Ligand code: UDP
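Shown below, as structure tokens, is a lone chain in the form predicted on its own; questions about how it binds or moves come after it.
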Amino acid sequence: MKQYDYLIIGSGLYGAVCAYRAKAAGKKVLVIDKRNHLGGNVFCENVEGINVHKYGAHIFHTSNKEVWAFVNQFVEFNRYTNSPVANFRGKLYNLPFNMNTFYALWGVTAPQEAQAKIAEQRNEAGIVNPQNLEEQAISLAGKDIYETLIKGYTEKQWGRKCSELPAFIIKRLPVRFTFDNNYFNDMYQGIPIGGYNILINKLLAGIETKTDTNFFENRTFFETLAEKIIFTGAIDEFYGFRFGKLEYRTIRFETQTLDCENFQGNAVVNYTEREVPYTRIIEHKHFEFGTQPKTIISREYSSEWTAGSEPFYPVNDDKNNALYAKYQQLAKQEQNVIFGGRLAEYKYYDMDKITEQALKAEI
């Protein structure tokens, strides 16, 4: 008899939801995480009474009623609506692209004027079948919006020219002909009141957990502990990089505590010109409408992933997708290992989709 029914490697949202489900089914579970805290990338660090999103902004949004009802069992969500602002050479524009944006760019006040302007620029570009991100963006929103609000930001984010990036990255980009600054189209959105740690801690309540515990440093021992493993780490590492390493983008956060109540007036401000080295500034208190006397900001710098840094965004180009397919074939042959989450599936997931996947996992 094994000591546990499930060993779950990684305590992020996927691992935590799976752990909750396994415990609810009467299974004995051990969750381990190599970091010194639980929660994966949704972990919040409380500083000056402010819940700092340590690994970047996380806004929960979904149109899936089942997922929304599930997370609301554990924590109440506030009414935060994601309405980022873009700063290009000192001028501010609303995101997603909407009538406020078009007015700031062109001075147009009617939807028909904005549509005509975009159509004119689309026709001038002569793009029929977009082959890359640059062509896709111009087809969707026109040349002015592409050059002002997309090109510099995207090239900083991915470290590649827009003409070298696949078109699908930007296909879901919202373009609206209303004065609606809500970035998401989903039915529900918000931030857990008190931060994401409350959600994670309630999901893992009554479950044995160990932090500062690296599966790969004592793999043989950990593999003997449980009947099944749920693995949420990097799939190429699980297989010893047998076919080579998958590529990621990583983010470096430069976080400051400022002796003022309000720095930028918004939770998220993107810096879209190429010459500004960071992609955006997050002001954490605005996620929860904070009134603390101080504020905390994080500048985000995107770069290529190297060993020892955190892998954030899979680089889903043809080369990396082909490499992942080889690892995926190995994973399909596993009888007692479930692979799930952003790193294990080499796919960018929003939090609702991660939750949905974990609720569907065969546990």
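Counting begins at 1, following the sequence as shown. All of these numbers come straight from a predicted model, not from anything done at the bench.
Although not depicted, the form predicted in complex with uridine-5'-diphosphate (UDP) is the subject of the following passage.
The closest non-hydrogen atom of Arg280 lies within 4.5 Å of uridine-5'-diphosphate (UDP) in the model of the complex.
Using a 4.5 angstroms threshold between heavy atoms, Leu95 counts as touching uridine-5'-diphosphate (UDP) in the model of the complex. For the chain shown alone, Tyr183 is a contact residue for uridine-5'-diphosphate (UDP) in the model of the complex, at least one non-hydrogen atom being within 4.5 angstroms. At a distance threshold of 4.5 angstroms between non-hydrogen atoms, Tyr196 is out of contact with uridine-5'-diphosphate (UDP) in the model of the complex.
Partner contact region in the model of the complex: 144-152, out of 257-265, 215-223, 117-125, 144-152, criterion any non-hydrogen atom within 4.5 Å of uridine-5'-diphosphate (UDP). Contact with uridine-5'-diphosphate (UDP) in the model of the complex, judged by any heavy atom within 4.5 Å, is made by just one of Ile229, Ala104, Ile169, Val175: Ile169. Site annotation in the model of the complex: the residue of Trp158, Tyr80, Tyr188, Phe74 reaching within 4.5 Å of uridine-5'-diphosphate (UDP) with a heavy atom is Trp158.
Residues Asn270, Thr272 of 251-276 are found to place at least one heavy atom within 4.5 Å of uridine-5'-diphosphate (UDP) in the model of the complex.
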